[in-house]
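Consider the single chain below, provided in structure tokens and representing the form predicted alone.
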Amino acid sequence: MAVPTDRRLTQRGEERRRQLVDYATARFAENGFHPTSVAEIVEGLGVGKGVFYWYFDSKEELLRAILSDAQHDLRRTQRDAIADAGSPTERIERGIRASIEWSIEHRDYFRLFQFAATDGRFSSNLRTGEQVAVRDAARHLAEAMAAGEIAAGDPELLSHAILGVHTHLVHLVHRGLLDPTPAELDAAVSFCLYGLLGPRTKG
């Protein structure tokens, strides 16, 4: 039986849960969710199945927990990145950069996001997280438009476009087709901000 949400784990319990999550994340990302069994996970950690089922009802619940933890970590990274930004445009720029860097660094999470998007058991939870991210980005875009910092447009549509650039870029990096140098990241962020016309100049 999974741990009830209202029961606090001891420090040792939290550490054991984290070990299960971290190990399963790596196995799911490397070997695939379907081929990876609960038996493989517990054998790899050197524990019994009872330990697994103390924390999670099933392999599916474990993946949902992994996806939720990953989405929360990404959002914390984004919030920290924009915390002291001075303008809406700066918040957008920092948020895009932080998102891309996080996805490049967390290859396993990114791969599991891509898998979850194709599986009906997990896609609805993933879409909920994406909707939150799009809504947050759209709010910053709308504020930048209201301040005259970027051209007027549909904030939600543009948020989806930014997400598409981010996702494709990270795919290229993980496939070894693009070296994520600072210059490449700058170019990607600049494209999201200014599109094909480039930054606007005053005068």
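We number the residues from 1 along the sequence you see. All values reported here derive from a predicted model rather than from experimental measurement.
The same protein has a further form, the form predicted in complex with the DNA, not shown here; the description that follows concerns it.
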item	value
Contact of S159 with the DNA in the predicted complex (heavy atom, 4.5 Å)	no
Heavy atom of T10 within 4.5 Å of the DNA in the predicted complex	yes
Partner proximity in the predicted complex: G46 to the DNA, non-hydrogen atom cutoff 4.5 Å	yes
Residue contact check: L172 to the DNA in the predicted complex, 4.5 Å heavy atom	no
A39, G50 and W54 all contacting the DNA in the predicted complex, non-hydrogen atom within 4.5 Å	yes
Among 55-63, 150-158, 131-139, 173-181, the region lying within 4.5 Å of the DNA in the predicted complex by heavy atom distance	55-63
